[in-house]
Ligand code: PHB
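Only one chain comes next, encoded as structure tokens, the form predicted on its own.
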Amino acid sequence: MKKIILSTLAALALSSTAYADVIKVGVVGPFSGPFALQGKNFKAGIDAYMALNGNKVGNDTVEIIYRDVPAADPAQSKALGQELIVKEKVQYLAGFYFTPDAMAVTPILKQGNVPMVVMNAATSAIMNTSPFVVRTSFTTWQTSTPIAKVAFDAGVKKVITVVSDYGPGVDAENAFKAGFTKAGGEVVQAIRMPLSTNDFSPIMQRIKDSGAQGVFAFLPSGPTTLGFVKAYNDNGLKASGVKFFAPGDLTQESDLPALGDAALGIQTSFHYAVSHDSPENKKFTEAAIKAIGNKAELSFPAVGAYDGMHVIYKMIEATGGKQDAQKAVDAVKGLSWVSPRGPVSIDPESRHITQNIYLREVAKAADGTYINKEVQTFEKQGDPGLAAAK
């Protein structure tokens, strides 16, 4: 009987140790469908981080569990978030390409005792929906504000704004308008398009008819951004001298080969370019290209995921592998490090990432490939949209 009891206790100890030693991270993103490349970049960033830093934090092994949401679908995202917390017993949630998907999941974080690390979704208001959210990506207020003054300083005094009609698009429109009017410019018309829009010729005609000297645009990265920039060129706006301004979603590196010479000279402001010149980025891109399998497919969601894993590893370290969302989040407030994108930190109050924003211009590299060449740096940018979101 004594042997049976001891062996039973040993088995229980082994099973509980095995359970406690595996830290599960649930990653929700678009891994199929029209935005699959963005999910592929999430995975490349995660794989790159784990290739360079291992899959263990102390004695704990980190396991990634992926769930696919092909397009923005809040109901499906919430269901998957619940499944990951209840069934898979994840201690962390991460990913989230689209804002509506992230917003749908934040209400369940407290009950699940799980932090969420946002690796892309870019609406400022996400941070106000739960104290357990940390962002390692960017917001459209953060990336769109600097280019408003760039446009005005370039001699453009009248602009038309064209954005997708959802959280980040509205943020981008408001951010650009605030900065542009403050500088002395005028927004002559504001167009908001349904997310499903893929025929941009009527929009281009409205831009022509507006009399604007420039257009500011925001759409979620993917097939629609490629289609919009091509329509801008094909409908003669570039040739007629209407200047194009946008956050970097519109010229993500994976779209540049398809845009070709027509994209040369387009200026965008963003938190990251694959061509960023630093030792940290060289190390990251080598690992990420190996993970994704094709340099031309590497884009900005990968760096949000890479830095997201850095934050999660720090959380695991601080909690000793135990499930404690509040302690995990508190541990990374004020955290600073040198990312592949440059120096970054987590704001202790907003839990949003402070980072450099770069003015980039599409150019040809020495090897003939197209890059977003950094031409100006706006240092230590927070999120101006947080105040507007309250």
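A residue's number is simply how far along the shown sequence it sits, counting from 1. In this text, all values refer to a predicted model and were calculated from it rather than measured experimentally.
Same protein, other form: the form predicted together with P-hydroxybenzoic acid (PHB), not shown, and the subject of what follows.
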property	result
Residue among F180, Y92, Y97, W141 with a heavy atom within 4.5 Å of P-hydroxybenzoic acid (PHB) in the predicted bound form	Y97
V215, V134, I147, A121 - the one with a heavy atom within 4.5 Å of P-hydroxybenzoic acid (PHB) in the predicted bound form	A121
Stretch in contact in the predicted bound form with P-hydroxybenzoic acid (PHB), which is absent here, among 237-245, 172-180, 78-86, 97-105 (heavy atoms within 4.5 Å)	97-105
Contact label in the predicted bound form: Y166 to P-hydroxybenzoic acid (PHB), heavy atom within 4.5 Å	yes
Proximity of Q267 to P-hydroxybenzoic acid (PHB) in the predicted bound form, heavy atoms at 4.5 Å	no
Y306, heavy atom within 4.5 angstroms of P-hydroxybenzoic acid (PHB) in the predicted bound form	no
Contact test in the predicted bound form: F300 vs P-hydroxybenzoic acid (PHB), heavy atoms, 4.5 Å	yes
Residues of stretch 243-270 in contact with P-hydroxybenzoic acid (PHB) in the predicted bound form (4.5 Å, non-hydrogen atom)	D249
